[in-house]
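Shown below, as structure tokens, is a lone chain in the form predicted alone; questions about how it binds or moves come after it.
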Amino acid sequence: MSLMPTMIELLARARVDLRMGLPVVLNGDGVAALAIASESLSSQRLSDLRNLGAVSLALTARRAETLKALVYDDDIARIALPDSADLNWVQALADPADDLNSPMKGPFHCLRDGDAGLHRLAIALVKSARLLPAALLVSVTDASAFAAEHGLTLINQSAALPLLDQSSPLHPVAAARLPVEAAEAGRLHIFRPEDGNEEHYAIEIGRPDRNAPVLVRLHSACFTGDVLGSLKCDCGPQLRGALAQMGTEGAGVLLYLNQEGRGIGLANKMRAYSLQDQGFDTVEANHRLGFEDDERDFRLGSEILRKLGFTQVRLLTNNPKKITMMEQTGIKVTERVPLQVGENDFNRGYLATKASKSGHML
């Protein structure tokens, strides 16, 4: 029988648990730990963790750099939780909202001995749950027994890490004719990933020839720009401009990927906006939150194109990383089509940062 959950299904369960404030059990090579997201932590669960043993806090190197915490494990920092630390202290290390008012949060006892693998796995899981990239860990002796006793999700490190590093396979779910303003001949395709994350969409304009380069826009969801008409970015004008150009040409494919805020989620994007109000640019805000410049997975777009039968594209983009990704994943880019629309007084600095720090061709 195949009623037992697969590792993909266990990871989906773990993401939900972490968002709700439940811990998960991580099982490594000869080591095991209980892990919980700092953002969803409660005072009671912090007390429960302390009763199990010494607690450590895992942060990304980006966040540690802001806090002036020493990084001994390349991409993450491990901080021993002091006896005096309460819930507010833990969450202040995870969330930079109050950094300028209270910049001195140390001194920190940063750990350098022992394996950091489970801390790295905890950060990857918390990121995949669209939470702030910070987690508390405490060692346990028998992962399977502990998980069974407390009804917790058990994640095996060796099985989970490869799945977290790769794109989850996408499967077509439904498609139907959808007339849109840009073109009456529209068709919407829905693709669902195996890992339980958000669905992604392809809007097909007209009847593009599968044997010729198709005009394609790889567009990341932007609730504030696409729906609300935000002036802080150029996403809404890019979306409408791309569809209009496809309508004018009579054919094209717009890939709408649910990777809000460069892949960090809407809540974290709003945190980044709040930091921008304090004077930080887009990249600096992401780093202070503990994220990289861009956490999106553009490989999803290539997979959707292949499933739709396309192998060559004329790519509507200003982002050279999208071109590189397409080429590396077997989609030939025959032409880059510039898409320079939507500049205004509110987003001029944002666009300048995209050009200077992210290499966008503006």
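These figures come from a predicted structure and were not determined experimentally. Don't overthink the numbering: it's just position in the shown sequence, from 1.
We do not show the form predicted together with a small molecule, though everything after this point is about it.
In the model of the complex, the small molecule lies farther than 4.5 Å from every heavy atom of T153. Of the heavy atoms in R296, some are within 4.5 Å of the small molecule in the model of the complex. Although the partner is absent here, Y201 lies well away from the small molecule in the model of the complex, with no heavy atom inside 4.5 Å. A residue is said to contact a partner when one of its heavy atoms sits within 4.5 Å of a partner heavy atom; T317 meets this definition for the small molecule in the model of the complex. Comment: the small molecule is not present in this chain, but in the model of the complex one of C235, L215, A94, L131 has a heavy atom within 4.5 Å of it, namely C235. Partner contact region in the model of the complex: 260-268, out of 109-117, 157-165, 260-268, 73-81, criterion any non-hydrogen atom within 4.5 Å of the small molecule.
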